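Take a look at this single chain, the form predicted alone, given in C-alpha cells.
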Amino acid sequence: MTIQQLPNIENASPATKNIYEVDTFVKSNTAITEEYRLLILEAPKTILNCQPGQFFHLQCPVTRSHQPYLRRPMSIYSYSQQDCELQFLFKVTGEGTQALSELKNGDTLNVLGPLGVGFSIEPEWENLLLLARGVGLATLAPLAQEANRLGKKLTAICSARSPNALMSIDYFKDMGADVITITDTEGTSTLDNMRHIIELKISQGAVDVMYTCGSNRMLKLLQEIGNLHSLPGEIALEQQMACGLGMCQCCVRSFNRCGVITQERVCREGPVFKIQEAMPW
C-alpha cells in the first residue's frame, strides 16, 4: 500500500496540512436502505488522524458503464486507527456514486485526504445537540463518536421521510446519545415540532451547543434559536467541489462575519462553519 503525502499547502489551516493520496482496499460495500450504501475501506493508520466533519476526495472507478471524470468529495462516516478502517455512508444518485456502489470486496479505491476543517468541541460544552436529516447524519456520526470519547452528553434528532428511511439510529445510541426520531409520514418533522423539541431540551439545561449539516431550513431554525438563547453552533455545508484543495474556487460561498460579507471556500475554510456566519440560500 503506497502512501503519497502531498506537499504542505501555503497558509493551510492546521486541519489541512497533512494530506495523503493512497490506494485503499474495499472491505465491504453494503446496501443500508434502497438509496444508501455503507462503504468500508482498509486504510493505513497514517491517513486516519482525522477530525469529525472532515472529508476525503474519492477517485470513483471508471468502468464500461460509468465514466466519472472528477473525484467526489465525501464526508467521513467513521474512522478507526486501531482497526485501520475508513467508512463512508453515501446516497447513490449519479455517475460517480453509481460507480462507487459497484465496488467489490478487495477492489482498490484511491482516496485523497483528510481534507477541510472539521467540528470543534470546546471544553465547556458538556451538552451537545445534533440535528440532521438523511445523509447529513453521516457527517455528524464522527462528531458523536468524539463526543462519546470525551464523555459529553449528546442529543441526536434524526429526521427522514419515513421510519424505514431513518439511518444510524443504533450507531448514535451506541455512542450514548438520547436519540429522537422525526419523520414526514408521522407528521413529526415539521419546523414547529423541531423547534418545540429543541426549546424543551434547552429549558431542561440539556443544550450548550448545536450542530447540523446541509439543510437550509435547519440552518435557519438553529440560527433563530441560537440568537434567542445565545447558543453557539456549527454547520457542515454541502457544496459541489472540483479539486477539494481550494485551488479551483468552485465551492466559494458567502458568509456574514460581524456584518461584513466575505467569500470563503467550503473545501478549505470549511466545510464546517459557525452557524451564525453561514448565509441561508
Ligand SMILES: Cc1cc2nc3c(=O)[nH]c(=O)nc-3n(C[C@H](O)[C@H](O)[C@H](O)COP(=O)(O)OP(=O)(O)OC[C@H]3O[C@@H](n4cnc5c(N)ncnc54)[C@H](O)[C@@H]3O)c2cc1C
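Counting begins at 1, following the sequence as shown. What you see is a predicted model; the values in this text were computed from it and never measured.
Only in words, not in the display: the form predicted in complex with this ligand, which the text now covers.
Each of F55, L89 and L237 comes within 4.5 Å of this ligand in the model of the complex, counting any heavy atom.
Residue in contact with this ligand in the model of the complex (any heavy atom within 4.5 Å), chosen from S78, S159, T97, T155: T97.
With the partner omitted from this view, the residue of L39, M218, M241, I225 that lies near this ligand in the model of the complex is M241 [heavy atom within 4.5 Å]. Heavy atoms within 4.5 Å of this ligand in the model of the complex map, among the stretches 69-77, 192-200, 172-180, 104-112, onto 69-77 alone. Looking at L128, you'd find every heavy atom of it more than 4.5 angstroms from this ligand in the model of the complex. In the model of the complex, this ligand sits within 4.5 Å of a heavy atom of T93. The shortest heavy atom separation between V135 and this ligand in the model of the complex is within 4.5 Å. Contacts between 244-281 and this ligand, taken as any heavy atom within 4.5 Å in the model of the complex, involve only P271.
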